[in-house]
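Below sits a lone chain in structure tokens, taken as the form predicted on its own.
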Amino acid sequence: MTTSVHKNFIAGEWVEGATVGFNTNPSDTTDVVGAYARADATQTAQAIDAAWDAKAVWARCTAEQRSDALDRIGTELLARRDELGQLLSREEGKTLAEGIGEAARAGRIFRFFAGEVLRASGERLPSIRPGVDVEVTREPEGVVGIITPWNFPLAIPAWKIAPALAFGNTVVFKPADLVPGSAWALAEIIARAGALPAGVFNLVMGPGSKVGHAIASSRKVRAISFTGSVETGRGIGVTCLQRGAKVQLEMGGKNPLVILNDADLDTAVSVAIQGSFYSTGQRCTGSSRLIVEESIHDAFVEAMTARMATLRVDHALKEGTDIGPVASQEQLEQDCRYIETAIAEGAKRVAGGQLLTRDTAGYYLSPALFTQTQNDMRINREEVFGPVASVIRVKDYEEAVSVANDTDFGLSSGICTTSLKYAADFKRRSSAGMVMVNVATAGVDYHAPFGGRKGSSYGPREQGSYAREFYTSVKTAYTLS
């Protein structure tokens, strides 16, 4: 077992934590990935103080200084994508191809915001009063707390940290306790990027009950960007509202994929397989409700089960693996409970949903598909966050839209159709923040806005130029000329 402890990064220094935690490989539970410092509330407060002390210095840095720093970070992430992708897959369970792809995406996000720094804009408006000039500018919020989940341990931190730094904020970053390795590697690259004064970026690893709570409660943290569970997100939202802090919440989805009877069957199956089961179904944008018109229902289910039988579930780093393990024992148990509940409620399991044995001990689960489900079943109301999808039979397009929108969530939705009429109508009527036509619900671009409606999201959108809305504050200045 490794004895070298990866430390927290506070005020420009690597420091020991209050305790030490170990993360293990979900593909091989005998493989210890590393030892990582775990902060407590006191150490988190030190990181917040460091960010507070550095905020004025960083805000005064030139746009070129900030752009250069982000560009160096992005360039190194891209250069080391294979190494970082392997680490990510080893500790989180994504296939190696997915891990490398995520590392590359993180690099491109930093490169994008390196350019966004230089695209800053403002307004000059005519006043209603003679001799008065009106200027509208944007300023950094100050100290930003960033709390990220375990399912995208490089990409999600990147799309929060990069804009925070780009727009002149200082950062206190708390990654998910399950996957500190990828977060530490990202922090180490940021720490060496140059041009970041001490305290501008801080890493505090540890449990949400201590580290996350300390960040959410601190009056020095003026904005918090969180991605994670609904329960935790709502708690953070209430805490921030009570002290007047800005908050951005991404809290999951129960995303519908509508399959119309005019859809190309091969396309529909490929879109459903990718959206429902890749990344082991552990994506908030995944397709968990497959809403199928009755005239194509049987053919779609038959084609789905045939394609599912070809998927290889195995060690994330093994060549030829299509789907890796579930990320943890806790998550595996949750998936299995939902499978049992679906059966108890009358759903028919037509494929998968069994624990698997492989060469190494891991959290292996075959992708599960259910039919004969109703939209009021728990399997269709609550986010499973695993390789589990259910089919809902509907009589026509109108019922499909109604069922698709009948959810407490509203992150992503999709439709498979060859009709421009139905595609255009669905894009207009879907009550989701992101709508996909003949592409998987779980694929988004880093330069486009990300976010949803209803219980999925709260606050301004993430990613792209829309990120400016959260990480900056508008200032209006009047001048008598």
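The shown structure was predicted, so the numbers you read here are calculated from the model rather than taken from an experiment. Numbers follow the displayed sequence, beginning with 1.
What follows is about the form predicted together with a small molecule, which we do not show.
Think of it this way: in the predicted bound form, the small molecule has a heavy atom of just one of E250, D335, E91, E102 within 4.5 Å, and the residue is E250.
Only one of the listed residues (T407, S366, T232, T373) places a non-hydrogen atom within 4.5 angstroms of the small molecule in the predicted bound form, and that residue is T232. For a residue to qualify, one of its non-hydrogen atoms must sit within 4.5 Å of the small molecule in the predicted bound form; none of G12, W52 and L203 qualifies. Shown alone here, I190 lies farther than 4.5 Å from the small molecule in the predicted bound form, counting heavy atoms only.
Taking non-hydrogen atoms only, F226 approaches the small molecule to within 4.5 angstroms in the predicted bound form.
Using a 4.5 angstroms limit between non-hydrogen atoms, R381 is distant from the small molecule in the predicted bound form. The small molecule in the predicted bound form is not approached by P387, whose heavy atoms all lie more than 4.5 angstroms from it. Considering the small molecule in the predicted bound form, the lone stretch of 71 to 79, 298 to 306, 193 to 201, 175 to 183 in range is 175 to 183 [heavy atom distance within 4.5 Å].
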